[in-house]
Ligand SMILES: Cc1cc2nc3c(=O)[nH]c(=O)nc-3n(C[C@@H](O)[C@@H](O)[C@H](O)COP(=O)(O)OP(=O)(O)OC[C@H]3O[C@@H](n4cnc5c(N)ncnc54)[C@H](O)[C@@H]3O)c2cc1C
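Let's start with one chain on its own, the form predicted on its own, as structure tokens.
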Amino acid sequence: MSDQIRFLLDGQWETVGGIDPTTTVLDWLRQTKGRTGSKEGCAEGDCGACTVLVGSAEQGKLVWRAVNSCILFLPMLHGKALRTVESLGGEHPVQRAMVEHHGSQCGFCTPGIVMSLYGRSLGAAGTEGAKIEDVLAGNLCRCTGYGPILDAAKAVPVQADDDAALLAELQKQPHGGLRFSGWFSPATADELAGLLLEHPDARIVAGATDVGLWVTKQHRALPKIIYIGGIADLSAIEETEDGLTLGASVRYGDAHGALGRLHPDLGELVRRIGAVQVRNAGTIAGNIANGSPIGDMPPALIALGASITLRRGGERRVLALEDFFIDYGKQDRRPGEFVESVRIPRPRPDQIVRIVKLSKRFDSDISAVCGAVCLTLAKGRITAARIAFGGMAGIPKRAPAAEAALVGSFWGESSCEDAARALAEDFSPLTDVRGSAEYRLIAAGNILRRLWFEANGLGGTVLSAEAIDV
């Protein structure tokens, strides 16, 4: 057990102790190390000016991830490696390309952009096969425009980092076993379960993409934190013919491919959650556990019939995801209990699934409405319906009246219209900066209407179900 944080900075071990565990990596870099290249723009993980690369040893490989250092707590680096824009020395091909293609003007955003493109050049997590525009979706520039930056990115080849010496160093230092000043980093799920029985009031942190803002924006004190990001037995992704099971520590980025294979709409939804930096830190179980009414994943998973396994000590219980959310800010989770895994059934051939996110921006934006529909059909008749929305109530919620309007009806435009009108019985949405109550009801209804048009190829997309016979 260690009471000091140890990580590699440019290949050299750093040992840090005696600090507030909610000190952010960005503050430590700027105030303690004098590495002021990383900038604070938003302090909430949106602008990307603070982007750094964090490396870890995973299954015998060196894996780099671009993350936002402004909301990353320093103890989360324990047992990992860190590179900043200063690590590149001013002569890296990415930096030269940015100069040659005039990719920078005021320069404030440039270090973060360089680090995102540096990660891409190493084949970092979340960049494999991704469009350059997606890699840069979490980096905001308002001077140059993205044309020259994209040209710079295209000029730099991708070559995986095979630093064997760095990998060997990382393999010497376990991720868990850190405990100091109210911070706990358990190494196993069993250790986590025991800690939560001892400290049921502790705040569980996985990626800090939400909790980090409690510190940087709300200036909240967090006396006890249990960090689960280094727990290997909560990081498993299990794909079977029946569905997908994700451990509590599985990041969005790690699950992106598996979710896309489960259904393409799930993959597209994940692509629009945050940006690469956010998806490299945030977890799906964390999005569920914080109970946000505008979290994007819960409506989709509820429509697909997902369940969660909750654990308290050695006791486990399985709960339908829709039953986990009780009221705004209230979930069915007892003191000392945590979400251990999420189980998502695989859609069947006789089902039509559609997941739609509506937001003001395409990238890195919070939903005004997120809707998900799963219909089961037999010979043209709807035999079962699961419809769920986020942004329409204080919790992610099913639409029982709309479902009832569909079940037993023939699959057609009129039945979808009936379901759209029935949404007014299911929801009384609020008006806020993201949309008015009237807009939300109309938009939710249009998601159902659009489903019919797309299923018939009238909206540019053809959905299919083997049982459709109309």
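From 1 onward, residues are counted along the sequence shown. As the structure is a prediction and not an experimental result, all values here were calculated from the model.
The discussion below concerns the form predicted in complex with the ligand, not included here.
Within this chain, G207 lines the site of the ligand in the predicted complex, having a heavy atom no more than 4.5 Å away. Among residues of the shown chain, N287 is one whose heavy atoms approach the ligand to within 4.5 Å in the predicted complex. In the predicted complex, the ligand sits beyond 4.5 Å of every heavy atom of R381. None of the heavy atoms of D254 is located within 4.5 Å of the ligand in the predicted complex. Of the listed positions (E417, D27, E58, E44), a single one reaches within 4.5 angstroms of the ligand by any non-hydrogen atom in the predicted complex, namely E44. Proximity to the ligand in the predicted complex, defined as a heavy atom within 4.5 Å, singles out one entry of G282, G79, P186, P347, which is G282. The candidate stretches are 129-137, 395-403, 360-368, 259-267, and the one lying within 4.5 Å of the ligand in the predicted complex by heavy atoms is 360-368. Heavy atoms of every residue among R203, R272 and F338 are located within 4.5 Å of the ligand in the predicted complex.
Residue I71 is the only one in 70-95 with at least one heavy atom within 4.5 Å of the ligand in the predicted complex.
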